[in-house]
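Next up: a single chain in structure tokens, the form predicted alone.
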Amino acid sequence: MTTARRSSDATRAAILEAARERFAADGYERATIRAIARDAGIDPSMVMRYYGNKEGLFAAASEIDLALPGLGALPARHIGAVLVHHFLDRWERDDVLTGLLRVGVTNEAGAARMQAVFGAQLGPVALGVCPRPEEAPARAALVASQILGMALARYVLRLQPAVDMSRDEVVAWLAPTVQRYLTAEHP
């Protein structure tokens, strides 16, 4: 019984890995269950068995923990820089996150997934540091606009000079804006 469970877990893991790679490379619309199954080395019926349909597979494959740093112990003046550094690290080492952004700008399910990830994970960060709790959702959306905008320009569209800017330059430009969005008094 333990062997079957491991086999099932291994199959699920192989499907999710193949799906993440395929969605990142092809986008949601062009990725197919058959191609994902082929990449995972399994029959397409197994994908359907575990995830029901393409939407269910996409939702499972795009489960992303942004692993946001704890900001409570930081001096408030460093919050923007810490978050921008963190997101640069994430975008540069996580093809799944970049793939989700690609899908998010072209597909309704991808956009909904991106909204859920950023809303659920960035919202509490904003709530923990902003001066007025009722403003946390708006502030989190403003931060997301900066983070996602740079990610789109730098890692998806590869716009110059965003691609050529050093990490320090990106932080120097974005951190003060992110900082203001999170901690400044409402104008």
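Everything numeric in this text was worked out from a predicted model, so none of it was measured. In this text, residue numbers run from 1 along the sequence as written.
Beyond the structure shown, there is the form predicted in complex with a further copy of the same chain, which is absent from this document and is the topic of what follows.
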Every residue of Arg12, Gly41 and Gln121 near a further copy of the same chain in the model of the complex, heavy atom within 4.5 Å: no
Is Ala138 near a further copy of the same chain? Define near as a heavy atom within 4.5 Å, in the model of the complex. yes
I'd like to check something about Gly104: if you look in the model of the complex, is any of its heavy atoms closer than or equal to 4.5 Å to a heavy atom of a further copy of the same chain? yes
Leu16: touches a further copy of the same chain in the model of the complex, heavy atom cutoff 4.5 angstroms: no
With heavy atoms only and a cut-off of 4.5 Å, decide whether Ser45 touches a further copy of the same chain in the model of the complex. no
Of the listed stretches (59 to 67, 46 to 54, 33 to 41, 140 to 148), which one has a non-hydrogen atom within 4.5 Å of a further copy of the same chain in the model of the complex? 140 to 148
Hey, which residues along 25 to 54 are within 4.5 angstroms of a further copy of the same chain in the model of the complex, non-hydrogen atoms only? Asp26, Gly27, Glu29, Arg30
